[in-house]
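First, one chain by itself in structure tokens, the form predicted alone.
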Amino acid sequence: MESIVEEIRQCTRCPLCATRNKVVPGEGPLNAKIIIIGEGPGEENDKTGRPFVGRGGQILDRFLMQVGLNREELYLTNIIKCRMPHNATPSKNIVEKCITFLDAQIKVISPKVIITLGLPAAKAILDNATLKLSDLKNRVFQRGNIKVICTYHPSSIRYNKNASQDIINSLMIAKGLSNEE
């Protein structure tokens, strides 16, 4: 993982390298049973180099606590490792330049479950550009031998009143799957 993180830090594959403050490679134990993957770093992440430390991260932490998952036992990362200007959705080209880092991280960690937060992360992990999150939520998909759960990004609860329960349900499903033998 150290070599992957170093490669991310040195990356100049796309124009985001010119505007980032810090890369946000991800964090957590390398033996994590669950990886949580978001779209990309926000403003606070870009300042700190840590994923999910802004408002969305605080909401995620609250949901994790509600379902009995410990953030320190999870690996948290994003499909892209640098902040998009104005938190825009990354283009297909930018995702393609960055996805090899995520694939390498998944290979090293070899989790039982991946939880995607938001549609861009779901599309990247399931490799399908035509998906709708409403069709994916609370369902279990396979990516090789890893189970994939797709749900809303925690920040979406500001405009989607039903998202909170959907996120909690998805976390509960993932917790159960991660404990299966």
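What you see is a predicted model, and the numbers here were worked out from it, not measured in a lab. Position 1 is the first residue in the sequence shown; the rest follow in order.
The same protein also has a form predicted in complex with uracil (URA), omitted here; what follows describes it.
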item	value
Options 61 to 69, 144 to 152, 48 to 56, 131 to 139; stretch whose heavy atom lies within 4.5 Å of uracil (URA) in the predicted complex	48 to 56
Interface membership of G40, uracil (URA) in the predicted complex, 4.5 Å heavy atom rule	yes
Within 4.5 Å of uracil (URA) in the predicted complex: residues from 74 to 88 (heavy atom criterion)	N78
